[in-house]
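First, one chain by itself in structure tokens, the form predicted alone.
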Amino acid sequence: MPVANDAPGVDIEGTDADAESGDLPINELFQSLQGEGRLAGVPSVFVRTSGCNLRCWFCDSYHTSWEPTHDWFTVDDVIAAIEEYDANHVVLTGGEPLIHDSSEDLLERLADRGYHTTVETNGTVVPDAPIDLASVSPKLASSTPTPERDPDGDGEWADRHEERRLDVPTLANLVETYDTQLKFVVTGREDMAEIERLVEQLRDTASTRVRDDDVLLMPEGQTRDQLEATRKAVADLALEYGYRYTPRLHVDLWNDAPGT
């Protein structure tokens, strides 16, 4: 498998590869700093799978969802590529990595090797695998690709996305099973009522305590300019509601460059 050299990361591209030739559709694999959440700033190897069961209009990994690109690789090859880097943290991300059965095998084998694993997930799938930190990003109504927001301009995903984007029992299961951070992409104050309502539903449903510190507000924005317009408003909301603010460190450092 290609691995990064002097560049921030290497895109692993391909479109209609035969799934029988490998286990996981890999869009890119690279080392960088974790940009979001509790572990922001920690050197990590990122394994980005392609494919997603949702279609957020603001998706910052467009080539894993709206126009997925990838090559198929075996779990052995993915492990070998990870081991080329001097990092103890691995972030499995996407797209939605947990829609792939082989992600469970990869997580099991990473745990056996002593890696700390973070899984970036939309919270619609509960895996049967060890995860050190489930970074769950429930999708709010503001994520739905309505015709006026759809990158493709037709809105054909709007109904499917809306039907699938939230599953409270599944979210509660994740919270009960794993150390979890709830990371909400915030587009504005209008998102807060839904966040508050969902947090209360989880507290009523899950047997595990959901603390305010477990709820992270993250400004929407794929570029430095976009974040500049949203970060202060979201930081102010975190202060007002008593939740945590999370930066998007990788955007601040490298803007929207791939492999970061």
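What you see is a predicted model; the values in this text were computed from it and never measured. When you see a residue number, it is the position in the sequence shown, counting from 1.
The same protein also has a form predicted together with a small molecule, omitted here; what follows describes it.
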Inset, instruction - Using the partner position in the model of the complex, report whether D191 sits within 4.5 Å of the small molecule, counting heavy atoms only. - result: no
Inset, instruction - Would you check, heavy atoms only and a 4.5 Å threshold, whether R48 touches the small molecule in the model of the complex? - result: yes
Legend entry - Contact flag, T69 vs the small molecule in the model of the complex, heavy atom cut 4.5 Å: no
Legend entry - L33, heavy atom within 4.5 angstroms of the small molecule in the model of the complex: yes
Inset, instruction - Check each of T144, T93, T117, T180 and return the one that places a heavy atom within 4.5 angstroms of the small molecule in the model of the complex. - result: T93
Inset, instruction - Have a look at 206 to 214, 192 to 200, 25 to 33, 231 to 239 and name the one stretch with heavy atoms inside 4.5 Å of the small molecule in the model of the complex. - result: 25 to 33
